[in-house]
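Below sits a lone chain in structure tokens, taken as the form predicted alone.
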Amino acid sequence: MPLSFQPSPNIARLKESATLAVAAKARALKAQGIPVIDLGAGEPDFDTPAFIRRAAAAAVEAGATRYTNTEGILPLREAIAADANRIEGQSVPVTPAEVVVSNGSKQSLYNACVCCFGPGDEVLIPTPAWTSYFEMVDLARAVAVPVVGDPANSLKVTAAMLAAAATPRTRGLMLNSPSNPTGAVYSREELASILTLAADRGWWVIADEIYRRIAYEGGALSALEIAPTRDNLIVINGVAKAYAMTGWRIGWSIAPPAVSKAMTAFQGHTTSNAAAVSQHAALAALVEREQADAAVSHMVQSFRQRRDAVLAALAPFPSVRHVHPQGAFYLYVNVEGFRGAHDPGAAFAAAVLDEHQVAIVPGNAFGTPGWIRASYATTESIAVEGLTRVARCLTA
């Protein structure tokens, strides 16, 4: 008799990634000849800068095709530490021993959750939040506690809101600025109050800073320059978004040495090292600063121009409410009450795809079913046309 598969308790509640599902559906429709505008992608549309590609090719020819240390090659960890040490406000320099290189920032986030949280622990998640935070906490057998942000403050949370949601079982919190899905950026004062609360309560802070370099108005601050202590701080970053290197799969964590040692051991039994050639490509992105800064500045300027163009396109639709994006490359739009649906975000996502051929991500993926996320990480004309169709569908 064939064995019937029953998911183990480890994954019984696991949900498919909503963002990946939208991308797959958009690709399938395009393959059928349907001209879909895909605003679901969380991926820069730029090519990886040429100097990084050349460095990768040279590394392959030089023999970068073998296993490396699980935690990454030393030159890359040194470059990550040096890059972190250029952030102002730190009294104690970051060392390579605090750095663990992984197969993308997603793996670094998961490593941190598994190593710091366990059964019975509660983890506060400012909501809306990237969909995988909830699943990672669940996979660590801990309990994700959504803390819904204030719509009047770009859906951001405050220290007081986090404190009100805490219990004696609270073990940590996830922090993301600039935010996916809203594009909101936390101010120095907001971050300082949250980080001080976490330090006082003895909570772990996992700060996802993957979009930190993609900020438009005054920049985005790192927890490294504000936190009163690094003893409870784990900062996650990578090359995917700012350097248009999503497919290279290089992320990293900066954490206290004991945590980094545990994360290295855990990674050693799951994926081991990140791809050697990708590590050398990331090294070029971090050490060739003049070329890298020019490439990043160009991409960020383009994202800002697209953001401004999208906002201008929405101006004739004053009833369309959205979070003003100060960073990342997303627009988070309120669709509450859409056609009386129980889950208005899901209903709107289905309607705008079927009726207007635009793919977006419903807000229930991020913990707020009354909203939807649209990405403007595409050409300006496509982004404007897509968001105009979104507005028309919403106001019809």
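All values derive from a computational prediction rather than experimental measurement. A residue's number is simply how far along the shown sequence it sits, counting from 1.
What comes next is about the form predicted in complex with a small molecule, which does not appear here.
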(Q) Check for me whether the small molecule, as it appears in the predicted complex, comes within 4.5 angstroms of all of W130, N180 and D208 - heavy atoms only. (A) yes
Q: Among 84-92, 120-128, 264-272, 100-108, mark the stretch whose residues have heavy atoms within 4.5 Å of the small molecule in the predicted complex.
A: 100-108
Q. Considering A240, L162, L221, A292, which brings a non-hydrogen atom within 4.5 Å of the small molecule in the predicted complex?
A. A240
Q. From the list K156, H280, R212, R249, which entry has a heavy atom within 4.5 Å of the small molecule in the predicted complex?
A. R249
(Q) Check P369 for me: does it contact the small molecule in the predicted complex (non-hydrogen atoms, 4.5 angstroms)? (A) no
Q. Is S253 one of the residues lying within 4.5 Å of the small molecule in the predicted complex, judged by heavy atom distances?
A. no
Q: State yes or no: in the predicted complex, is some non-hydrogen atom of G42 no more than 4.5 angstroms from a non-hydrogen atom of the small molecule?
A: yes
